[in-house]
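Taking the form predicted on its own, here's one chain by itself in structure tokens.
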């Protein structure tokens, strides 16, 4: 009898002290995604690339997203880029340039804007679509998720993600398969965009591979909006401007 009580006590201690498992982590990751963006929306963003000497280049985008992995983005400025657009469908991406024939394929690790953000960062779909949680830790004021890419087409093999206890994303470290830190993303300036969406308005990224360079993305508005599937096709890339007039 005493032996059984000892085993039961040990079992209770293990269960109480055990870290939350990957299944719990994946549910938290889905909640983090939901806190970042509505499932379907439109938004305006400004991207600023800052070089070590202080020189800046700015872009403004109009972006629409539907579901978990469909996104299209129109360049509003600078004038030299106006009318360009990009499309993401799952792991596939395209760039449309006016007067240059049909859209061309691009990759997630390329950066069509230069700077530290790559195409995957700028056209990020939901993290739970691309990653599984391998390990989860809890700190005083945050939850830390260690993520592993679901396949080799994902831009980063591993992510280490920090979020508040109420599922607001605050920081991501991006790693290669060899464990090398590629870049860090800091999520700042939490504001209320309306309709129940409260999230960081600013994302800053820097990288040990690009010392002295900084890229900043600022969300000016986010609105829930429904779209037809036709909008997220290669043939529609030249027509995205029409969505801004509706």
Partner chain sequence: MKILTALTLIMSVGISFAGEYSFDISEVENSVEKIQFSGNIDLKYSLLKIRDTSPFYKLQYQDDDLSDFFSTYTGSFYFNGDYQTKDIGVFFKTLTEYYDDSNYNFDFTELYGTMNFSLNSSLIAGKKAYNWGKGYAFNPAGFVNPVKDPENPELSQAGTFSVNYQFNKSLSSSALTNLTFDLTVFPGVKKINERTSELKDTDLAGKLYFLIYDTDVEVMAYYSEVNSKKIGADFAKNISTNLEIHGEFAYLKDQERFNIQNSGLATESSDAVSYLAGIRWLSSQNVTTILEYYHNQSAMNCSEFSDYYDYTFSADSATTAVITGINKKFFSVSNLMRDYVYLKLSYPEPFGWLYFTPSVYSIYNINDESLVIGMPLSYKPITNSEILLTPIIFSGKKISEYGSKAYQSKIELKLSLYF
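Residue numbers count along the first chain shown, from 1. Only a predicted model underlies this, so the values are computations on that prediction, with no experimental measurement involved.
Omitted here: the form predicted in complex with its partner chain. The next part is about that form.
- Scanning 40, 184, 202, 26 against its partner chain in the model of the complex with a 4.5 Å heavy atom cut-off leaves one residue, 202.
- Each of 191, 218 and 236 places at least one heavy atom within 4.5 Å of its partner chain in the model of the complex.
- When its partner chain is considered in the model of the complex, residue 208 lies well away from it, no heavy atom lying within 4.5 Å.
- Looking at residue 80, you'd find a heavy atom of it within 4.5 angstroms of its partner chain in the model of the complex.
- Proximity of residue 131 to its partner chain in the model of the complex falls outside the 4.5 Å heavy atom cutoff.
- In the model of the complex, its partner chain stays beyond 4.5 Å of every heavy atom belonging to residue 162.
- Proximity to its partner chain in the model of the complex, taken as heavy atoms within 4.5 Å, picks out 153 to 161 from the listed stretches 171 to 179, 153 to 161, 121 to 129, 139 to 147.
- In the model of the complex, the residues of 24 to 45 lying within 4.5 Å of its partner chain by at least one heavy atom are, in order, 44, 45.
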